[in-house]
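Read the single chain below, which is given as structure tokens and is the form predicted alone.
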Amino acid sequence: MPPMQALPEFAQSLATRLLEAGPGWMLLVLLGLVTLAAGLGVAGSVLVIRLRAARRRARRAAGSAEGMRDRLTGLALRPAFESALEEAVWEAENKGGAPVAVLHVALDDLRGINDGFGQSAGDGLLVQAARRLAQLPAIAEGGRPGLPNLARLGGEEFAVRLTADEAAAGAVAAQVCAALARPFEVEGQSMGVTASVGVACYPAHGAWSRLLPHAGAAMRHVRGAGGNSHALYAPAMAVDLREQALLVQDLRMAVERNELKLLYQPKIDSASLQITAAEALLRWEHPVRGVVPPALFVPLAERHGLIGPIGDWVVAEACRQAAAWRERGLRMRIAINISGHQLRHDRFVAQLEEQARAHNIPPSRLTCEITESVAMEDTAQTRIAFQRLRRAGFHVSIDDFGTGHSSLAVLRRLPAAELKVDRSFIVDLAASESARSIVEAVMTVARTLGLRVVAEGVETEAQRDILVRMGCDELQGYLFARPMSAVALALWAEGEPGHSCGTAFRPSLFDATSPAPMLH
């Protein structure tokens, strides 16, 4: 053991040797040294400080060795950024340094650019966005050699380190939003995106290691509210994020644990008021939380890559149930909701065909309901998916029609057989002239293109009568039936005591229809 007066030089030498030996040996020895230092008074404190400095240098050295520049934008990557952040917070703690803030910046709709214009256009936009961020005065003037204050975290996300308090950081976040909202010129096209920015500050929002996660939580809070803004981190955001994380973990096991189920809501022929079809509606019965609304768990499934297996389960279960009903003499169309993720998957149509064949279900008995916003993307993938569905013989319905930005040019090119008017226009149908005008306009478009029209959300007899007079083909809503289990629907259809409502099934009316031709 070296004498006490030589301990600082010994610590410096030891730290240097540990760096040369690699981070593994340093971490192995660290606990023993700190324990020793605890009993050595002031000199031990010096050792701890030197070891902390050595650890920061080791992080920077390891980061440099791993190649700390993003190949596309030239910006630093996360490890180098985190090392610089730790250094800045350490200086604020021990040397009276300035306050530290972190911005987590995410472009709101880069996927739409990639899908609509191609990956090269998206990459070009990312390069320009990185350049704009680097040129903002508050960011350009805050860097130091070897300590980057701007990094690409991956995908469409960036991180910014600032020397700023909460108010100043919020002002810079607003500047970031404004800078990224200006149009970009990429490959001869003018492209617009917005940004969501989350802000976290030291020491108000935790240790240095929590700043980036907390800024990310604030960013996701902004995105959830529609994007194109910024927000300062609040503890409630972390609670929400933790709840979402727990929910996602449970959702990963929901299929295996048989927690998912389908309810079925009948569709009624407007002329005869007889049942011709049923829409399969997904529900999650959580063992602790009870029934989790689809509006909560479906976006989580899409965001975390779980919508694929869940969508596969829905298709398989709907086909299995259709086959079971068929054996009882109930031959009706089953409608399933298709997400944009499923539609863009190369194997989706083939998997749908496989399930139909496995259960002996004619493709014409399956309706694929695709939301207007997805259908109107007019990307190559969307058009190919619609073509494949048409060739396979499936019935395609454009759901929530009227809520998006429909293009008649796009609509004419899609081989859909049906438009489904969104419930928001049906609610005010009896009292609002504008609502009636919108539904009549949809009816006119549908007749021109040879499409059928379904109205969802029908809850009153007045709404039903107006839609019948307009010539709407099918009606769906609480006026006729709420979503029910497959067993309840079968009993209801067969007129069992206590289950009949006076409405009977009849053979599907869709047999004579065919998808509109694809225009080239």
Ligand code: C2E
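The numbering used is simple: start at 1 and walk along the sequence shown. Note that the coordinates shown come from a computational prediction; the quantities given were computed from them, not determined experimentally.
Form predicted in complex with this ligand: not shown, discussed below.
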Notebook entry, point to check: What stretch, of 121-129, 147-155, 387-395, 274-282, brings heavy atoms to within 4.5 Å of this ligand in the model of the complex?
Noted result: 274-282
Item checked: The unique member of L251, I338, V100, A375 whose heavy atoms fall within 4.5 Å of this ligand in the model of the complex -> I338
Next item on the list: Go through D269, D312, D109, D400 and name the one with a heavy atom inside 4.5 Å of this ligand in the model of the complex.
Entry: D400
Next item on the list: Check whether E461 has any heavy atom within 4.5 Å of a heavy atom of this ligand in the model of the complex, and answer yes or no.
Entry: no
Next item on the list: May I ask you to check whether R423 falls inside a 4.5 Å heavy atom distance of this ligand in the model of the complex?
Entry: yes
Check: Just to confirm, Q265 within 4.5 Å of this ligand in the model of the complex by heavy atoms?
Finding: yes
Item checked: Any non-hydrogen atom of E353 within 4.5 angstroms of this ligand in the model of the complex -> no
Notebook entry, point to check: Within 4.5 Å of this ligand in the model of the complex, do we find a heavy atom from each of W325, T367 and G450?
Noted result: no
Notebook entry, point to check: Does anything in 448-485 come within 4.5 Å of this ligand in the model of the complex by heavy atoms, and if so which residues, in order?
Noted result: E456, G457, V458, E459, G477, Y478, P483
